[in-house]
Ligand SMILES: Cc1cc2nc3c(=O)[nH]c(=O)nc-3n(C[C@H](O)[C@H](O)[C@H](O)COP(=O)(O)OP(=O)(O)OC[C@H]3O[C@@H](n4cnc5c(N)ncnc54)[C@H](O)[C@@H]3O)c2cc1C
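Quick heads-up: it's one chain on its own, the form predicted alone, in structure tokens.
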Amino acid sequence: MNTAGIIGGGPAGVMCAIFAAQNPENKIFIFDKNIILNTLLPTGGGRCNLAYAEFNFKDLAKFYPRGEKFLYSVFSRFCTQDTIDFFNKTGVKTYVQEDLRVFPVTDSSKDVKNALLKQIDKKNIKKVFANVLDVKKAADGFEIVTDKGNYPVQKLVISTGGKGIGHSIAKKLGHNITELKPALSALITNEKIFTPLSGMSLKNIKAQVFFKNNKIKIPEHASLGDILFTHNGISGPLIYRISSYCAYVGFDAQNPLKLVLNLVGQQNSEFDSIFLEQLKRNAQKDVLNVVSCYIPKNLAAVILKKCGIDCGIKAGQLSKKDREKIVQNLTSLTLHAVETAHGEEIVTAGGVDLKEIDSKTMESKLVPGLYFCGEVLDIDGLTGGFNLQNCWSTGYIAGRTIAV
């Protein structure tokens, strides 16, 4: 029989507990200072984006800026179909959206949470609501020190997420921690001319990113998406992805991140010909109305202002130089990001060094009996269910290993 203590009652810790408890002789404890699975409720806008419908494990791993190669082994053991099957067995039926995101048919994170809590109760997993203060190595395992007493355990699992005591415990036990950085975050930009557009969204925007005149390599699947203007910058799925791939770039006010956004989906020369023809056909219309054929009118007005062009000028009166300015902004609108939006990141890049973890078991290579799962590891995915998939998969593997 094993006594296992799981520090962190989020998705990864709960998944680990459920599978560790498949051996009825094991005694499993979950330690959390808050409500178990509380962090699950806001995921997917409250609908709980459980997974992403990519069923090839290597292709699925491509959606992780950090951890891709490590996840080959993990996802080969527990991948998307396994997640769907697991939740179906717990009574959570799922469906796949057009964008391949997987949700419960009820579109309710609360239903997913309740289904997992039922599994915890069914398997007699003990919940300890306490602040974990420290972990001490013991002769036959570990001693978990809390503000409500000490708990000796043979196996220890750290699943405290991207922030919390887990990293300090891991470091104390000898593990290296890759520097923590915000990921999946909105960006604050220098260009305040777009502030009046706060709340406006644009779909299917193509982006290129540069730092100190060097182009940053961002995968094709991550460089196209929707954006949202904010009161001090830019946000939305595309920007979240860019922020993740640039988490360690080190941009700031002196050395900003240059975002070049194509708002019309065509290259400069190609669009210039189309736009010129449109101006000729609508020579008596205000240029604002012509530009508004391609982007929202409020944005068109701001871009014309940025170009120093009167919105009321007739299309037929527009000079070649001014036309080229408009085309340049529509095909290569340039913004300069100076920092991430403080405290708004969805996940954290960095964490326990993956070189020190056995991907087949999630056990530490340095400390026998010590396991890690979820976002405490140096793994982070894009938006779309990928970070929860990391939790389900690594939690499953750690739990199954402990169950043996």
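One-based numbering along the sequence shown. Keep in mind that this is a model prediction, so the values were computed, not measured.
As for the form predicted together with this ligand, it is not shown, yet the points below apply to it.
Contact annotation: Asp32 falls within 4.5 Å of this ligand in the model of the complex, judged by heavy atom distances. By the criterion of a heavy atom within 4.5 Å, Ile84 is excluded from the residues contacting this ligand in the model of the complex. Interface residue remark: Val74 is not counted as part of the site for this ligand in the model of the complex, having no heavy atom within 4.5 Å. Interface residue remark: Gly141 is not counted as part of the site for this ligand in the model of the complex, having no heavy atom within 4.5 Å. Partner contact region in the model of the complex: 156 to 164, out of 308 to 316, 195 to 203, 156 to 164, 250 to 258, criterion any non-hydrogen atom within 4.5 Å of this ligand.
Scanning Leu100, Cys293, Ala130, Leu117 against this ligand in the model of the complex with a 4.5 Å heavy atom cut-off leaves one residue, Ala130. Residues from 191 to 223 do not approach this ligand in the model of the complex: none has a non-hydrogen atom within 4.5 Å of it.
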